[in-house]
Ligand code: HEC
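Below sits a lone chain in structure tokens, taken as the form predicted on its own.
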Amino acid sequence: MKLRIILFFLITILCSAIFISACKNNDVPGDNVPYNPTYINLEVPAGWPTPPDIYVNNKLTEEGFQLGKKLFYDGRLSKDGNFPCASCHQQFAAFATYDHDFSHGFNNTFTTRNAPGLFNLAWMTKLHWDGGINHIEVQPLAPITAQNEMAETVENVLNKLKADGDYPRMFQSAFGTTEINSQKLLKALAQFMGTIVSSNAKYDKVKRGEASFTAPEQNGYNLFKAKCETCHKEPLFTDNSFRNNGMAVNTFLNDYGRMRISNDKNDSLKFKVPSLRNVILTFPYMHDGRFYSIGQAIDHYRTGIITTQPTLDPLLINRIAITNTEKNDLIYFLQTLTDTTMTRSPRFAQ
């Protein structure tokens, strides 16, 4: 009888162990699980230029996009868990930092440049105000490891993701393996950020024949084409170049822009021409956020340009003549570049 009881308990324990092992295997899929991703395409609006193929080695999938979105909003990519990518790039502000010249970082520090809006990145071959990043997959490394931003190491980020029960499944779905490494982390973030496209503002609807400008908006558009479009080229409203627009050096930052990357004195004070899409939402303006209103930014081009700077863009040598009425009309037009479809889209929301 005792032998039967012992055998019963041994069999029960063995069955329990097998059951628990099976449950664990179901919880975390193995690399032999079929890989059936849902492939998606980058949206290229009609009439827009074809972007460079930034996804040639990173095929877009719905699973990769969703993994990238989860990572974008996950505070564990930062040292103390308080600073996800979304803390500096808020959707309602066109993925810029709302109402701040510099963004908050780890341990009560601040960034040293104004956070740009993250949209239409697939059309940008150089990223950051100085163009120091040349591919979207590399870009997240800068804020993740910067001590005044997320202040974390890639190794620590990966360890935190591996300890989370959801991530192995999501990496399996996105890339066909539960392995979590830096390459796949960056590819997933690129799939999310690079597919944020802003192309449905009133301006776009007018271009598609779905709406009409008011008289002031039309006047502002005419002025824009005459005096602004060379640098802020439609439909992206940037030519992705680097130019000195005649601002005084910020003596607190001593930031000389593109020259820091190229080591070429001819690049002194040259910064990337930002897109004017969603410009009403992405204040304050310029690389250091020195102008808190669009009116102040326009006034700089009317009267504030320092014309004696050696690297000043030749187009600005005589400043830009804009009357007060034209200034108001221009602001009316710039308001038509606000894309609330993007800023309110559940697809890009946390």
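In this text, all values refer to a predicted model and were calculated from it rather than measured experimentally. Just count from 1 along the sequence shown to find any residue number.
The following text describes the form predicted together with heme C, which does not appear among the structures shown.
Each of His104, Pro140 and Met193 is positioned with at least one heavy atom within 4.5 Å of heme C in the model of the complex.
Residue contact check for Ala46: none of its heavy atoms lie within 4.5 Å of heme C in the model of the complex. Shown alone here, Ala94 lies farther than 4.5 Å from heme C in the model of the complex, counting heavy atoms only. Shown alone here, Tyr55 lies farther than 4.5 Å from heme C in the model of the complex, counting heavy atoms only. At the 4.5 Å threshold, heavy atoms of Ser198 stay clear of heme C in the model of the complex, well away from it.
Only one of 79-87, 170-178, 154-162, 203-211 lies within 4.5 Å of heme C in the model of the complex by heavy atoms, and it is 79-87. His128 is the sole member of His128, His100, Lys184, Lys233 with a non-hydrogen atom within 4.5 Å of heme C in the model of the complex. For the options Ile306, Leu60, Ile322, Val33, the residue carrying a heavy atom within 4.5 angstroms of heme C in the model of the complex is Ile322. Along 287-313, these residues reach a heavy atom to within 4.5 Å of heme C in the model of the complex: His287, Ile294, Ala297, Ile298, Tyr301, Asp313.
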